[in-house]
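Take a look at this single chain in structure tokens; it is the form predicted on its own.
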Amino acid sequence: MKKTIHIPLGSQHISLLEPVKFKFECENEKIIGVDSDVGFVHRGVERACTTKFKFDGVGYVVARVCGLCAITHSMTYTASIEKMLQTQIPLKAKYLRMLLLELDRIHSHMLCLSHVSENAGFEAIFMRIMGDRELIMEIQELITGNRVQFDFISIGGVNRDISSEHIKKVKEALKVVRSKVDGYIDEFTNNWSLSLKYKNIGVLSLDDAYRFNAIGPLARASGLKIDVRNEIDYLPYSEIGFEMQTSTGGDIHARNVVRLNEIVNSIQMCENILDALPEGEIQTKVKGKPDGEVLVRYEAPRGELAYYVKGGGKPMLDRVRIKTPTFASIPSFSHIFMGSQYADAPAILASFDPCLSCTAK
């Protein structure tokens, strides 16, 4: 006999420590209906950016939108202002920005993979990956002076240069991380209990990826070749060895593999940046006040991040609108849950790598 029940997941749940609530309608163990509520947190960040802070300080405010991709938010906003003011930043500053952006991607993906491991029952691997992630956090602190909120990027360039001694230390740490990641790849691609058992679970097909406008690793794991780093011209990704990583499975396992491969590529790009770091200044003097409107996109660890900024030639901006990756992925989330077993919901959630605090900014 079929029995329909309603099961809430969140906003406090062992597998999802995020301010979101999913309400599943289940027929026995099968999910047949999904409702989501992401309105648990609102910090008024966008409003504060136009009423409390001048445009040259907003880059430090938006870095507080997300603790995992702070550098990505500050860079995307800063690029918006630089575009509006027609500012050309030094090549060395661009390379240093890309270095921090890719380090951010590495530690964010490692966090996601650790949660996937935990939800699969591999507490030891969760602890191992989180421990190895500390190496990246230490690199970021070495370069910027801060562990999480870096405040490294400013309008016109970056705030700190990197010394030859620091370059040597970063390279050594990256080699250690690369060897650790090789071990993860072996475990995720050969251990049935860790990842292989999730093949054909939580599937987002290529057609559905197009239909729901999927982005980031979620889209690329379904074979949708989309990555903003492949499209932008304000950072020279073509010079440092960027390679888009895709898969075709569209399931939890495919998303794990895409993130692992992206970590490897990000490490390679960081090494290339350090080997070919240009000489010169790290900051350009900026004149004028923002006048007009721009839309700037960048590939955050979870997908496309977009900033719409409007200025009226005054120190205070008229509008700052932030579209975060997780917000754009919610339709895909809900679709993937449909037809899945409720027992697989935690693993599916972890493979999304959601950041709902950003969404409810």
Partner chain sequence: MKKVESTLENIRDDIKKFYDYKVWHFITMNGVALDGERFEVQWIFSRYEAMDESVIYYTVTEYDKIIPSIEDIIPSSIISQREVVDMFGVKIDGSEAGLYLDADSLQMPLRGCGL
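Computed from a prediction, not measured in an experiment: that's the story for all the values here. Residue numbers count along the first chain shown, from 1.
One more form of this protein, predicted in complex with the partner chain, exists but is not displayed; see below.
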Fill in: Heavy atom within 4.5 Å of the partner chain in the model of the complex - the one residue of T189, N230, T87, S205 that qualifies
N230
Item to complete: Considering the partner chain in the model of the complex, find the one stretch among 197-205, 255-263, 286-294, 89-97 with heavy atoms no farther than 4.5 Å from it.
Response: 286-294
Worksheet entry | Contact test in the model of the complex: I31 vs the partner chain, heavy atoms, 4.5 Å | no
Discussion item. Taking the partner chain as it sits in the model of the complex, is E27 in contact with it (heavy atom to heavy atom, 4.5 Å or less)?
Written reply: no
Practice prompt. Indicate whether the partner chain has at least one heavy atom within 4.5 Å of a heavy atom of L317 in the model of the complex.
Written response: yes
Worksheet item: Hey, in the model of the complex, does C355 get a heavy atom within 4.5 angstroms of the partner chain?
Response: no
Worksheet item: What residues in 211-233 sit within 4.5 Å of the partner chain in the model of the complex, counting heavy atoms only?
Response: R211, F212, N213, A214, I215, L224, K225, I226, N230, E231, I232, D233
